[in-house]
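The data below hold one chain only, encoded as structure tokens and taken in the form predicted on its own.
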């Protein structure tokens, strides 16, 4: 989080804004050493080390670490891959598992002391993840059905009167090639951005009131209490958004695999 902010005159509270998400480089003088990028790199190392250690000495009776790793994998494998995609799910589990753990870890960074920044609140990261999902499910559909049949299935939905295509075809094309990747990315970004902004409001506001008049000092603990409550709520949202992003990706893949979509 940023340093607690006050107006230049020393009076009044300066509310958090989008400027609080534009962090300077941690070291050096380039955009590749900013906190969000370093957090993303750290998340890759953290996830890799965790699952390597958790699976290194796998046993029939799992250790706590192995049990935790297997629980996350089973959740994605069975709860998302198998349930949504069906009998062809196993070849997509590595991608879905990587997607879920990567998003979840970077989301949870937003409430981890000292880190305290969700990387997905920078829209460029959700955009890249959405583009990867976009190319995956379109590639799957084209590979299974052929380019012509796949595009025809998108543009001309079976069983629809021909005159309806005048309106329906542009909508379907826009949905598959524009709306899906945009909504997939913006949903994740907006939730992480808004959640972090709310936490800043309560915590910075409470700090500001502590330095104010006696009446504000009495209200400050309530601001901190709301901030703590919001932290738990934000954790739930962070987990939910990782799940939703992965779930929708699985749904798109399942749709691409279907003979009619």
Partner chain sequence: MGRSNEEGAMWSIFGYLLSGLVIWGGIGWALDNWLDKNFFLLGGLLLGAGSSLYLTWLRFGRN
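Computed from a prediction, not measured in an experiment: that's the story for all the values here. Positions refer to the first chain, counted from 1.
Form predicted together with the partner chain: not shown, discussed below.
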Next on the checklist: Is residue 183 part of the interface with the partner chain in the predicted bound form - any heavy atom within 4.5 Å?
Outcome noted: yes
Next on the checklist: Just checking whether residue 88 would be counted as a contact of the partner chain in the predicted bound form - the rule being heavy atoms within 4.5 angstroms.
Outcome noted: no
Checklist entry - Can you check whether residue 242 is within 4.5 Å of the partner chain in the predicted bound form, heavy atom basis? => result no
Item to check | in the predicted bound form, residue 92 touching the partner chain (heavy atom, 4.5 Å) | outcome: no
Checklist outcome for this item: Note: the partner chain not shown here; in the predicted bound form, the stretch from 158 to 166, 106 to 114, 135 to 143, 93 to 101 having heavy atoms within 4.5 Å of it is 158 to 166
Checklist outcome for this item: Answer key: of 190, 179, 151, 131, within 4.5 Å of the partner chain in the predicted bound form (heavy atoms) is 179
Next on the checklist: Considering non-hydrogen atoms and a 4.5 Å limit, which listed residue (247, 237, 23, 14) is close to the partner chain in the predicted bound form?
Outcome noted: 247
Checklist outcome for this item: In sequence order, the residues of 197 to 229 that place a heavy atom within 4.5 Å of the partner chain in the predicted bound form are none
